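Okay, so here's just one chain, in structure tokens, the form predicted on its own.
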Amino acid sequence: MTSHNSDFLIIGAGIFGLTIANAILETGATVKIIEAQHVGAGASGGILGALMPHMPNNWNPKKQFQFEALRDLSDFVATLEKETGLATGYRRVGRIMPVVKNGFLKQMQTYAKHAQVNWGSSYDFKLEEMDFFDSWLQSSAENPLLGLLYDTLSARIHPKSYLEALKRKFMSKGGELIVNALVTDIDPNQNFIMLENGEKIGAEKIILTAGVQSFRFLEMLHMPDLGGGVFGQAIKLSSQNDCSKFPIIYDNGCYIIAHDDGTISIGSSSVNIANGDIDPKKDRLLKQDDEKQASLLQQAKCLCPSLESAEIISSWSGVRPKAWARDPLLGYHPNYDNLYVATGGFKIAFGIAHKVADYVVHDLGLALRNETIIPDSFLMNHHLNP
């Protein structure tokens, strides 16, 4: 039996799925979300929440889009928190990057000049002396610091709290969420999906926001291999001190992020994996790499010795969706005008999802807001013809 009782059917309740669903609801259309496990079960359920801009040099449409998204996110989150009564853990704390090489120091001085032009006067991108962040970051004798690069545009958010607020808004506005419902097949000819239990659910249009699983579904629908997964791990530590106002520390792939709840997140490793190695039910590998996790923690403690006594509360591992053309993948399936795709927000999804949702609403012909310009590199045609 097939039921067609929604205008839009969204596969996946991650950051893209929930944000797009809320934007569609604002237009008066009806939306149903189908989620294989629970909200944020995939990559969106991570524990880092870093919202960091691209470097301000070599400016291009992608960097402009991300800058505007990060700039406007504070207003979007403030409205969401007011509507739902839930905190998201958002705070524009900035970011510091240790500078240990003269070549990098000169490079960063050049980048600072680009930031003045491309970021404007509202945000700083500058070098600071070591004692500027003495309570958060310490130098080591083996690796003396020449200075710290500091930007005030970077922010952080608590991923699960943000998703919970988006979920509450969605449900309060009449959206329907079905969890623990694994989609096994999509039939865009008849506008329905097939669940593992044999149930068919249809809608006027289907939107695929299933993270790394989206690429598997697209291959099933006779599209080329457009992307895969990057396996990542992160660690959550307890903190004896209130570090919530401290900036993000980033160095050589290692993030240290203090959250409002008194925890500190350390991340994250990145390992490219084949689609065949991903569990289709869980968007993750069967086990995490304990050696990589230990190495990550040691790197963080070298950067921030005050973490030496912090206790591990929990760890996270998951598979983040990454299109081979690198940028997010947005647009209609080339052979079906009722199947839309929004995935591949590798590393930047939380910072741009609200702006992506605005674009998708326009692309679906439901525009209630001003038109959002999307970089060409995000569009389906670019991924098919990079």
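Heads up: residue numbers just count along the shown sequence, starting at 1. Because the structure is predicted, anything quoted here is derived from the model rather than measured.
One more form of this protein should be noted, the form predicted in complex with a small molecule, which is absent from this view; the next part is about it.
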Answer yes or no: in the predicted complex, does the small molecule come within 4.5 Å of a heavy atom in every one of 48, 211 and 350?
-> yes
Thinking of the small molecule in the predicted complex, which stretch from 182-190, 90-98, 110-118, 76-84 has heavy atoms inside 4.5 Å of it?
-> 182-190
Spell out, yes or no, whether the shortest heavy atom distance between residue 293 and the small molecule in the predicted complex is within 4.5 Å.
-> no
4.5 Å heavy atom contact, residue 125 and the small molecule in the predicted complex = no
Could you tell me if residue 21 has a non-hydrogen atom within 4.5 Å of the small molecule in the predicted complex?
-> no
Touches the small molecule in the predicted complex: residue 239 (any heavy atom, 4.5 Å) | no
